[in-house]
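Quick heads-up: it's one chain on its own, the form predicted on its own, in structure tokens.
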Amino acid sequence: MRGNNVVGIIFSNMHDDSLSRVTNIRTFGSVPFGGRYRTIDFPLSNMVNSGVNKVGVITKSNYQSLMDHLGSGKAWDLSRKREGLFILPPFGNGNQMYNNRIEALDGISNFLENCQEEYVILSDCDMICNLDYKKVLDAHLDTNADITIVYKHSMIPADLTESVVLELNGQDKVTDIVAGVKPSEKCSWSMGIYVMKKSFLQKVISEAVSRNRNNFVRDILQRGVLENKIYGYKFEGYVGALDSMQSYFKVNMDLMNLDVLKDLFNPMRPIYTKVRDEMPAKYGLGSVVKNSIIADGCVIEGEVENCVLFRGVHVGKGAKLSNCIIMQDTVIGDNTVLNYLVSDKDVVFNDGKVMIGTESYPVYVAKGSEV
């Protein structure tokens, strides 16, 4: 299928509550990840790499940083006279802000109506993966499905609160959908990525609204198992599910695994992000860096091990960092010791400070703090 016959819809706010400390000042889609990216970069890049040249991003609150990051969409080749990137504000068909996925889709009904594309991809920003939507779209056509759900067959991530388990037959047809359960063994769980015809999406959303149904999984997917053709598409690559501070920490740390790094950042399917020109990272005499991701613009004068450092971080002399995620433009003073810590942007750690968390409960330091 031609990618330009598909419109992408990305929900930027659906999982704000799961990372409430990080999303207090930003939407989920603009949460920093992996040294230089934002979580929205992954679904957006996946769509662009699959030939989708029209993408609507549904917003709700705290989306100033998201708009600053996305801009005109130039970094994703979506800055165009026709089609391209569309920021869809939370007020669509009235002055009420949406409360769920169905209301959000109903609110952008005019946008969907004006789209000439035949198919729609729906995606959140909580799954970190490199997915080829062309294969999903081809599978959707081959099965003549009404809805295709992208799923992963593995143990459900421990922190995934909104789990949706699929039961499938031998041809990947969904025979049952169970929400809110966590089997103790491997199962097929939904990644929250859906493909369907635009006309079908408009029909089911209109019916749900007219009947005051407001839960996408329960009222559209579960109710539709018997009357609609719902199929699954098995994704074989790496998936990092962000659903808590612990999972956010873990998925960032997974980047230390070379196999994960190669799978996520496949040069044939690059992940694009906003360009920020910086000097290369600078390493001082006596500095020690082990098994870490260091972004450009960093100055390292101390010791760094098993850490993700975003752009412009300064690590002072004698400082020791291990198992940390340090976001943009943070300054770490001399002889400071940090372990199992997540620091937001523009934080200042004064000389000689010690902060130690645990793997199961990393310490979080809010944006702009001084410690």
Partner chain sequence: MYPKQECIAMLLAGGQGSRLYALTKKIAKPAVPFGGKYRIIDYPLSNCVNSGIDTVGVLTQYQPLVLNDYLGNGQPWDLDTMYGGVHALPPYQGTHGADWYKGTANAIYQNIPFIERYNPDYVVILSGDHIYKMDYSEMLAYHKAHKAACTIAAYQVPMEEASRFGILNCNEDGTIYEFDEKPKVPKSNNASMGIYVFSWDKLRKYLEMDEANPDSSNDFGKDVLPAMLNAGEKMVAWKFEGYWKDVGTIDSLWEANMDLLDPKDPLNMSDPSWRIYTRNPVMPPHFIGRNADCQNSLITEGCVVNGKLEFSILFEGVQVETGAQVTESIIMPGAKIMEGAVVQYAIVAEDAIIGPGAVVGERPENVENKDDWGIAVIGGGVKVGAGAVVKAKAMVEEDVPEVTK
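Keep in mind that what you see is a predicted model, and the values were worked out from it rather than measured. Residue numbers count along the first chain shown, from 1.
There is also a form predicted together with its partner chain; it is not shown, and the following applies to it.
Its partner chain in the model of the complex comes within 4.5 Å of a heavy atom belonging to Y272. None of the heavy atoms of S65 is located within 4.5 Å of its partner chain in the model of the complex. P280 belongs to the set of residues with a heavy atom inside 4.5 Å of its partner chain in the model of the complex. By the criterion of a heavy atom within 4.5 Å, R276 is counted among the residues contacting its partner chain in the model of the complex. With the partner omitted from this view, the residue of A104, V251, V174, I294 that lies near its partner chain in the model of the complex is I294 [heavy atom within 4.5 Å]. With the partner removed from view, the residue among S287, S163, Q202, N228 that has a non-hydrogen atom within 4.5 Å of its partner chain in the model of the complex turns out to be S287. Contact with its partner chain, judged by heavy atoms within 4.5 Å in the model of the complex, is confined among 299-307, 54-62, 24-32, 330-338 to 299-307. The partner is not shown here, but in the model of the complex the stretch 35-64 reaches within 4.5 angstroms of its partner chain through a heavy atom at G35, R36, Y37.
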